[in-house]
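Quick setup: one chain, the form predicted alone, written in C-alpha cells, and binding and motion questions come after.
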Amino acid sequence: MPHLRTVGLYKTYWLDEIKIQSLIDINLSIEQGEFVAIKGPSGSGKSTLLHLLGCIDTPTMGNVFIKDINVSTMKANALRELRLRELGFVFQHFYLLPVLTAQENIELPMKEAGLPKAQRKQRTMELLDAVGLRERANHMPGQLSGGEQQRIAIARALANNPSIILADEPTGELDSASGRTILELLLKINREYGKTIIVVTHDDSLARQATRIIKLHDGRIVSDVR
C-alpha cells in the first residue's frame, strides 16, 4: 500500500476571468521512507502540489490518499487531526511565532494534540538534542540565525512524530553552509527515523540527495526518476 497517492489531481485558479490550470492530471504513488524532490521552474505547480499533498488546499478535481484514506472527502475536524498527527511542515520562511521561545514553538503542535505538559517538555528536549540546539531552548526566534530558526522549524515539524514531512524550499533563505546543515538533518530524518520526505526545491545539491526526483512543467509531471 503506497504511503501517499494521488489520482487524477487537478487544480484550477481564476484570475479575474482568466482560467489558470495550476496542476493537470497528477498521478503519483509515494512509498513509505522515500525522499522525493519536486523540481520545476517558477509557476510550474510545485508548491500547489505540496499544499494538496499536505491537505492545506483542496483539489479542483481528483483525490489524495494518505495510507489509503481518501483525505479529499474528509470533514474539516478529521482533516485537522490527520494533519496534526500524520504531517509535518517546513517552510522557506520558517514561520516561528516571534513571541514564543524555541522550546515553546516546538511544543505548540503537541499542545494542540493534547499531549500532557511533562511529555511535551521531554519530547521537546529530545528534539532540540536531535537538531543540536538544546542550548537555544529559551531563545526567541529573533535571537537565532536563519539556519538555527530552520532547525527549530524542523524540530517543530517532528513534534507529533508524523510519518510524512513536507518541505517547501527549506534552504531557500539560507547561506550555503546553513543549507548543507539542513540537508544533512533532512537526510538523517529520512534514513534514521524512516520518515517519508517530500521537498520542493531549486537547490540542486539537495535534489541530488533525494531517492526520487519529480519534475513539473506547466502543471504536468514531465519526469519522474528514481
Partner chain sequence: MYAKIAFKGLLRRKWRTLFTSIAIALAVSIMILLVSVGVGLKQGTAMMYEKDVDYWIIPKDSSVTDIVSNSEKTMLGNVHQSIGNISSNPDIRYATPVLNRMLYASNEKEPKLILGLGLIPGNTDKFSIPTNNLTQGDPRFYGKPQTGEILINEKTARLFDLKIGDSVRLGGSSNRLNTSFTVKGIFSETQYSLSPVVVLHLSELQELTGNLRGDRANYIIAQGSNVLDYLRKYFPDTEVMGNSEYSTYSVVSDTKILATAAAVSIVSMLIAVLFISSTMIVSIHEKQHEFALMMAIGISQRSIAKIVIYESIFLSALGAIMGILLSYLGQFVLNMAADRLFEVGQIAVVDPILFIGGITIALFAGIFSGLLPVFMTQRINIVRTLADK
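Predicted, not measured: the structure shown is a model, and the values here were computed from it. Positions refer to the first chain, counted from 1.
Form predicted in complex with its partner chain: not shown, discussed below.
Contact check at 4.5 Å (heavy atoms) against its partner chain in the predicted complex: all three of Tyr95, Leu100 and Pro109 pass. Judged by heavy atoms within 4.5 Å of its partner chain in the predicted complex, the contact stretch among the candidates 181-189, 197-205, 54-62, 38-46 is 54-62. None of Val71, Leu128, Leu144, Leu84 but one reaches within 4.5 angstroms of its partner chain in the predicted complex through a heavy atom, and that residue is Leu84. In the predicted complex, Arg151 stays away from its partner chain, with no heavy atom inside 4.5 Å.
For the chain shown alone, Arg80 is a contact residue for its partner chain in the predicted complex, at least one non-hydrogen atom being within 4.5 angstroms. Among residues of the shown chain, Ala137 is not one whose heavy atoms approach its partner chain to within 4.5 Å in the predicted complex.
Taking a 4.5 Å heavy atom cutoff to its partner chain in the predicted complex, the one contacting residue in 144-167 is Arg156.
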